[in-house]
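In structure tokens, the next block holds one chain alone, the form predicted alone.
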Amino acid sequence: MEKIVIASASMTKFTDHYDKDIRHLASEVIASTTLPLNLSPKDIDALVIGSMASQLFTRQGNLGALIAQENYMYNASAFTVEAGEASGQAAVRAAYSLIKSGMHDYALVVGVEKVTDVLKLPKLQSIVGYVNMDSRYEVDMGLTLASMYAMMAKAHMKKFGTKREQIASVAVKNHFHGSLNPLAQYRNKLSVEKVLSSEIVASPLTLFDTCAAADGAAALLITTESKAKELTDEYVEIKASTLAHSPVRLADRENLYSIPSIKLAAEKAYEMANVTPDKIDVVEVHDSYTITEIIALEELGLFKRGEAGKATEEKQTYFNSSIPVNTSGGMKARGYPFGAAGVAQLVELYLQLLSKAGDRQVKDAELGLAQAVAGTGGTSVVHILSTV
């Protein structure tokens, strides 16, 4: 069976793009992904858009057709994928499947979101809740993602003795990585004291335990190895692409300190790629809240349960340490345009595996894992990439 690869990747800076709408952001990364390969619009026969809530944010739906039209991709089967906050990586999985099936030659994945100058914060928070949580039994009852993750943080602290400072150290590490990424939204460094003293969002989590919304887009060109070789000698293999579910409602879970869908998707991915967690060289995980990253690392099997917080505090997850995590800065510092975030995770792995990550380059990186989640874990997606 022929290898499925990423032949090109790019992203915009994640920030407040006041001068660009959603189609302009998408078109920018389409050009920067395809032009270096001398691909024309007619060569792209599949366009998959990942966007969490474009209809609610910008009153624009059917992005697949719109963005295909804007970029003269008249031969492309174009559609949009929505899976809450995991929409970007879910779109990658859809594109991977299109190439794997043999139905298409070139699938372009674009993750995109336009948020910051079209919605005020209360409305934004409401939409994020309704898209990712159970609207009837959670959002309408007054729960928010912040309050849910606060409960999960307290449960983790009680069960494993995880310290508040250890949770805060996730933000410190991700901002350090973000300071090395020229496309990151926030390039300032943080201290544990700064995180702990910031405004409380939902105790014990504070403002600097959360990520901020941004505008932006990211893109990947997915094809077969034989097709990629006609275009470039720089590509990485998609070794695994998996998606799994947990109960959307947090109250229906067995406990509050784990996210079963991450574990299930990871187990499927390791089996598909025929690798074990100890072989992973670089990781991009969902860190919409600092506690999310800690739980994700444990569910992925990279640390035993209860040990990821301590490991982060001890700097084991820095880019130049044993298990580099969120070398891009993560959602916390790189920025969080919802639909683009999961695709950007894979852009970072692409750069790392091709030794193009600059000051944050992980030495001898050959195997990378990216994980995205919707809400508190109703959906999780995992991809494993490797050098070829």
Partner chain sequence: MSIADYWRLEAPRFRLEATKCEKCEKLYFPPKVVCPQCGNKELKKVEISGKGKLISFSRIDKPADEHTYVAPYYVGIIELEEGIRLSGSLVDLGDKEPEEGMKVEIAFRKYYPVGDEGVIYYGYKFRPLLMSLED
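Residue numbers count along the first chain shown, from 1. Here the structure is a predicted model, which is why all the values come from computation and not from measurement.
There is another form of this protein, the form predicted together with the partner chain, and it is not shown here; the text below is about that form.
For the options Asp117, Glu271, Glu254, Asp233, the residue carrying a heavy atom within 4.5 angstroms of the partner chain in the predicted bound form is Glu254. Scanning Leu180, Met157, Ile200, Ala212 against the partner chain in the predicted bound form with a 4.5 Å heavy atom cut-off leaves one residue, Ile200. Asp140 belongs to the set of residues with a heavy atom inside 4.5 Å of the partner chain in the predicted bound form.
The closest heavy atom approach of Ser147 to the partner chain in the predicted bound form falls within 4.5 Å. Within 4.5 Å of any heavy atom of the partner chain in the predicted bound form lies no heavy atom of Phe79. Shown alone here, Phe176 lies farther than 4.5 Å from the partner chain in the predicted bound form, counting heavy atoms only. Segments offered: 130-138, 107-115, 184-192, 235-243. Contacting the partner chain in the predicted bound form at heavy atom distances within 4.5 Å is 130-138.
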